[in-house]
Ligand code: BT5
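Shown next as structure tokens: one chain only, the form predicted alone.
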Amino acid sequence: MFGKEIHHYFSLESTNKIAYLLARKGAEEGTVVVADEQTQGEGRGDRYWYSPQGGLWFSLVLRPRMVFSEVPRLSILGAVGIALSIDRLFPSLKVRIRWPNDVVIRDKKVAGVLVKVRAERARVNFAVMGIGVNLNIREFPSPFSFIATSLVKETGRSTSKKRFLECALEELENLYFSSQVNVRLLLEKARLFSSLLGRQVEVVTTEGKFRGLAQDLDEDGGLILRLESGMHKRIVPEEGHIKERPQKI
């Protein structure tokens, strides 16, 4: 189902914007919008996503049967799908997920996921899953050079966009439909790839800063933080920014 209909563009402001418009007009689930480059790529928190030629930039129209509170699962699903794709094509790379939506190699971002939804009466009408993968980008401008990497930089060889997209859509489709039957399977994979679980982190939210152990993920994709006081706090993806803290020796 995923990728049965693909809209390809050489250059777009954002694939998410076009996919959102198509979804509003009734585009079928699994419709894909892909661009060779984005001039106004969107990252989490309205951050700019550097997306020149050489990367894979695409958005996927979804019509999940879920309530709005379950939407964080989709970001995790997207990240797990890309992590599985990289692991499948390049098993020697140690790919990890930095909760909730970043895919990293050696602590540098290689891919990211941005989900936008339209909901009515707390139920999701449709969702657009935007995904960016740094495939064949050899150099990043500052400050991205300090926080980003690409598959070509990690492997020394170029990756076929067509092959990676086919692999990603296959993994995403399998995860999407299997998680509707049993979401625990998705969460098990997310835990397996997680770079945060078991580590000391600092979370900056609108309520303030919280420090503690990233202990687990709940069924809706929230992060369970065990605070230094011993109490537990649930963090949802929209609440704040997470930093890993140095481990005590």
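What you see is a predicted model, and the numbers here were worked out from it, not measured in a lab. Start at 1 and count along the sequence shown; that's the residue number.
Below: the form predicted together with the ligand, not depicted.
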query	finding
In the predicted bound form, segment of 72-80, 118-126, 147-155, 169-177 with a heavy atom within 4.5 Å of the ligand	147-155
Whether 38, 114 and 134 all lie within 4.5 angstroms of the ligand in the predicted bound form by heavy atom	yes
4.5 Å heavy atom contact, residue 30 and the ligand in the predicted bound form	no
Heavy atom of residue 96 within 4.5 Å of the ligand in the predicted bound form	no
Touches the ligand in the predicted bound form: residue 47 (any heavy atom, 4.5 Å)	yes
Non-hydrogen atom contact residue 193 with the ligand in the predicted bound form at 4.5 angstroms	no
Contacts with the ligand in the predicted bound form - residues in 56-71 whose heavy atoms fall within 4.5 Å	57, 58, 59
